[in-house]
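Laid out below as structure tokens are two forms of one and the same protein chain, each shown alone and named structure 1 and structure 2.
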Structure 1
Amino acid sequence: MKELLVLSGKGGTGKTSLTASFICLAEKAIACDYDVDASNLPILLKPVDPKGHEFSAGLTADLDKDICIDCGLCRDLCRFDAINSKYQISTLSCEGCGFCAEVCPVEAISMSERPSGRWFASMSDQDGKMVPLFYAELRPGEENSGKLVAQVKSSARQKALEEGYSLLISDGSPGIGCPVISSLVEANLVVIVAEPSVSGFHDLKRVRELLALRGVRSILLINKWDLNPEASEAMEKWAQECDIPCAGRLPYSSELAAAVAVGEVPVSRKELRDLILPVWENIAKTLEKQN
């Protein structure tokens, strides 16, 4: 089984629209959305009959005011200002460290599991081709530890194993933190989607730094290259120096923006399909060579 992960330092580079396109162009693949913070792949792939599962991560403190003797110890020791003067604990601020529960002289505080979100297993109908889709929704304000990403990934891989899929295409989470690191586990190739701008180049370098650290191979795809042809060229040159192959460049396309705005997978339109197909073929070829 191989996993192709699509990343970009930041959102807004067209990463999700391209991931959805690759999923539709691939002969047979499982789709995963690791952007559990704001999952957008389902908007394009329109899952039918998703099955939701509760997910919890870490702990949170609960204080029983009937037992509390107003000693103030917990409040003084909590480093996260989670306990206010009325001994109310803010779940949003509570880090779940358990310091308060440990020191409370009358055991008024207990730690409980922290409901953090939900993950979904679903199917998406792409012109008669049924694509399994796994995604999740983190609750607002919860920490994105990467555990939910790991959950989505292991459920998808399980399904792949059971039903003989040999390819996983996943939409990575933005940034370079924990969720991205979880996304990278067992990925065979990363497509870095980058925009040719000052900040886009900066983001590209940071992603590559992380990939180098984890020893994961990557391939570069420049999106909206014509916004800044000089920067596109500089990026390609840089990639060559870093031994990163290029999958190609895609121009800015108002057609693509229009398709996505109404929730259509870009490659469902012929013009866009012709544009994206060669890039996908390059990626697929490179992926084949990875182990």
Structure 2
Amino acid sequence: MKELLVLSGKGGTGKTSLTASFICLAEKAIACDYDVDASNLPILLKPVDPKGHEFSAGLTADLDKDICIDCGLCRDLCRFDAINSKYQISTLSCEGCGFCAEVCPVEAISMSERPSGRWFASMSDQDGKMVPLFYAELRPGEENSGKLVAQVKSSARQKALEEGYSLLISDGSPGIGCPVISSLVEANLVVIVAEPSVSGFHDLKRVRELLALRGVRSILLINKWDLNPEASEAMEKWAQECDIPCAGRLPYSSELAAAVAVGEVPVSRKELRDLILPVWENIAKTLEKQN
């Protein structure tokens, strides 16, 4: 089984619309969205009858007032100031360390799983081709996004093993944070989607630095290259110096923007399919060579 992961250094590069296109162009693949803070792949792939599963990545403290003797020990020792003078526990401040439960002399405090979000398993109907789709939603203010990404990845890989899929195509989060690091586990090739701008070039270099540290191979895709041809040339030259192959360039397309605006996968339109297909074929050939 191989996994193709699509990343970008910044948002708005066209990463998700291209990922959806690659999923539809692939002969048989499982789709994953690892952007658990703002999952957008389902908007384009339109999941059918998604099955939701609760996710917990930590614990929270519960205090039983009927047992509590108001000794103040838990409140005085809590490093996160999660317990107030009325012995009420703030779920926003509680880090789930469990120390208060350990020191309570009457065992009035217990620890329970803290709901952190949900992950979903569904199918996507793409012109009669049913594509398994896995994605998740992290609750606002919750942490442990990397663990939720790992849950999505693990569930998708289990599906692949059970039903004989040999390819996962995954849409990662923009940037180089915790969910991106988690998404790199077992990835065989990363497509870096970059825009030709000063900030786009800077963020491209940051993503490449992370991939080098993790030992993951990458391939560059320059999107909207014609908006800044000089920057596109500089990106390609830099990629060659870093031994990063280039999958190709895609021009700015108002039709692609129009397709995404109405929730369509770009390659559902023939003109866009003809534009993106050669890039996908280059990526697929590079992926075949990866271990």
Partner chain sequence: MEIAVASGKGGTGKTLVATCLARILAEYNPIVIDADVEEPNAGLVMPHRVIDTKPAFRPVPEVDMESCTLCGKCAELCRFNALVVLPSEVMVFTELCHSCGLCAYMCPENAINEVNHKIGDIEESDLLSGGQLITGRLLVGEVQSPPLIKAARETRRQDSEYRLVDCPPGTTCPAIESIRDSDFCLLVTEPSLFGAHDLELSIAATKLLDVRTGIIINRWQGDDADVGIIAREQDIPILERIPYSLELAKSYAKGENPLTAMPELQVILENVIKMVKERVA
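What we label the rigid core is the largest C-alpha set whose atoms superpose within 1.5 Å from one form to the other. Every residue number counts along structure 1's sequence, beginning with 1. Computed from a predicted model, the values in this text were never measured in an experiment.
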(message) I want to make sure I have the labels right. Is the form predicted together with the partner chain structure 1, or is it structure 2?
(response) 1
(request) Have a look at S232, E271, K129, S116 and flag the one at the hinge, given that one rigid part turns against another between the two structures. (result) S116
(message) Can you give me the rotation of the smaller rigid part relative to the larger one between the two structures, rounded to whole degrees?
(response) 13
(request) After lining up the core, report the Cα displacement of F80 between the two structures in Å, one decimal place. (result) 4.9
